[in-house]
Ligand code: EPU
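Only one chain comes next, encoded as structure tokens, the form predicted alone.
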């Protein structure tokens, strides 16, 4: 277990903003957790769990507590039968590495198990998957999640929790809501995948990709490659551009609101979902810069830190986008990334 002091949050997160964290502890083994939480409790400091930092915004005031950086690694097969397989991944593994592992496994007839291939190239760790119920291109973590193992810092013990105990919804779980916030450190995630391939129709942009190329066989590897190419053309790589990926949540409407939106020509997908990226783009904001933050000219849902030096700059840019979209469409956008730091 490694302990560092006064570490800039900007160095731990992909938006590259934020003051200093008082302590940072790297969690390399499950057994480190009891000692790490004891360290924080002894100093009467709050804790924060961080993975790759791709969905977290650092605040200017820093964090006067202890940041636990997840360095738990390992992926292995738990069990399988002719039609399905259960894979367990330690929570510090990159989600994309788990996807790659799953599509390269021999399933008895061909390579690849299906269930998470559309989550390819999402920046972030496996542990972040259940927290946000991560989803993309028609797949969500909850569709294949079997269970998680956690360390419960309230009860000071490890627990095994089934997927139906986690209250998974759109960017929602017990891990980011109410009393569950900060209580659990996810140590591993188990998913159940199947050898049956996905069938059309697919998510709009993915279907268009296949139609344009005349693709008729949808193996997990084919879907993964397609998603990777689509994302590469739209989404900035956090290694090259300071960004937190999708910055705003999509809007969900009831039946009455859906009818009203469609009458105005606003696209509404199944389940009453209005794509926030469409709203931002059609408000004329694509490529616009506010306070050093630029709305991506490839995917309007992305904010890129071009020259912002502080969380205060980001907050002003965020509000500018929210205000313009509200004025044009009457919908209030909400930020998707979580925040780390003191007020």
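Positions refer to the first chain, counted from 1. Note that the structure is predicted; figures quoted are calculated from it, not measured.
One more form of this protein, predicted in complex with the named molecule, exists but is not displayed; see below.
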- Query: Out of the stretches listed (78-86, 188-196, 103-111, 267-275), which one is close to the named molecule in the model of the complex, meaning heavy atoms within 4.5 Å?
  - Reply: 267-275
- Note on the structure: If we test each of 158, 241, 203, 210 for a heavy atom within 4.5 Å of the named molecule in the model of the complex, the one that passes is 203
- Task: Counting non-hydrogen atoms within 4.5 angstroms of the named molecule in the model of the complex, say which of 146, 73, 183, 171 makes the cut.
- Result: 171
- Query: Does residue 339 reach the named molecule in the model of the complex if we count a contact as any heavy atom within 4.5 Å?
  - Reply: no
- Task: Consider residue 94 of the chain shown here, and say whether it contacts the named molecule in the model of the complex, taking contact as heavy atoms within 4.5 Å.
- Result: no
- 4.5 Å heavy atom contact, residue 303 and the named molecule in the model of the complex: no
- Message: Whether residue 235 contacts the named molecule in the model of the complex should be assessed with a 4.5 Å heavy atom distance threshold; does it?
- Response: yes
- Item | Heavy atom contacts to the named molecule in the model of the complex at 4.5 Å, residues of 209-233 in sequence order | 231
